[in-house]
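Only one chain is given next, in structure tokens, and it is the form predicted alone.
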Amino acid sequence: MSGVPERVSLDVALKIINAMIKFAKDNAMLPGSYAVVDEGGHVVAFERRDNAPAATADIAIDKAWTAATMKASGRILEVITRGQGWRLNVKHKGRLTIIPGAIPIIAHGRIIGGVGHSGGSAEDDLKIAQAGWAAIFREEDFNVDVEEKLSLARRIANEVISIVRKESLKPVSVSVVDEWGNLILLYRMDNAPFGTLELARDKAWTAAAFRIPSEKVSIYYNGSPLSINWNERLTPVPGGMPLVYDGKFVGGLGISGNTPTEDRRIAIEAVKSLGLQVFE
């Protein structure tokens, strides 16, 4: 990647995340969650390292969202809203955060996105986010080894993206959650509508929660739409697949971007190609 990007593509977002992880590992910092959003505050890429608390996922995403939509870092917001920051937080339904670790991405004189990190102290979160922000101005790539769960999630997501590109399908969002339904990874391919993000995440949660393909959860509520309102994440739409690796249940995969039938087929092909158990 050469030159400063005009926008936050998936490749740019992954470069930023790799830079953050490398910095954290090089400096023996705690494993955390890493988020990059576009100028509208919507996730382009997110990853949570093994052993990072599950709650850090949405905190990191909200930090990146705050930086992009408020056009300021968490540190600056902390200063300018001192004594009244809670008002902004209430206004934005709890999403806005003034905790350090939120940095806007500025390129060509404008905000093109935001970076968020959660998992360490406020100062460490800030340093890690800054390392990610600086990556877009550097030519070299940041290759880094990650732990087992995140490594598997990356392999699954990359296989999904490879299938989509090979078959010239519509770009998708792909989500991988752990066995408890907590987010490990969330990627949005370039030009995929941001509305596909939460749908992919909800499909993955549904598949993990019931350990069956997402479209089959209807057996638990006898086909009655009224019975699914107990949980806003429950999404009985094809494209969610439970993940069983080496005979062990490890989580769920969710894909959104094409027709539900196509999303389901992509999920099946991806897990099959990686040797995971296939749920038809």
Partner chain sequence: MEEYDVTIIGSGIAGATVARELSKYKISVLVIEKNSDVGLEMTSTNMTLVCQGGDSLTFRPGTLHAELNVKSIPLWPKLTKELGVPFKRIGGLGLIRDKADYLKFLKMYSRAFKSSLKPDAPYYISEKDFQPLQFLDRRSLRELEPNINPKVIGALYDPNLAVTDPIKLTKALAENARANGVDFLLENEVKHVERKEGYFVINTDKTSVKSKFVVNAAGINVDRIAEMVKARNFTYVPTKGVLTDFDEETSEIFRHQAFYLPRLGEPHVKAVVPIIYGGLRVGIYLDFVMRSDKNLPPQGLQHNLNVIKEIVPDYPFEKHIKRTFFGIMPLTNAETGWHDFIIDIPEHVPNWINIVLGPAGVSASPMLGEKVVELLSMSGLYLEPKPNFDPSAKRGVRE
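What you are looking at is a predicted structure, and each value in this text was computed from that prediction instead of being measured. Positions refer to the first chain, counted from 1.
FYI, the form predicted together with its partner chain isn't displayed, but the following is about it.
None of the heavy atoms of N182 is located within 4.5 Å of its partner chain in the predicted complex. Using a 4.5 angstroms limit between non-hydrogen atoms, G275 is distant from its partner chain in the predicted complex. Contact annotation: V144 falls outside 4.5 Å of its partner chain in the predicted complex, judged by heavy atom distances. Among heavy atoms of D26, some come within 4.5 Å of its partner chain in the predicted complex. Residues I76, Q130 and A134 are all found to lie within 4.5 Å of its partner chain in the predicted complex, as judged by heavy atom distances. Residue heavy atoms within 4.5 Å of its partner chain in the predicted complex occur in exactly one stretch of 163-171, 202-210, 187-195, 103-111, and that stretch is 103-111.
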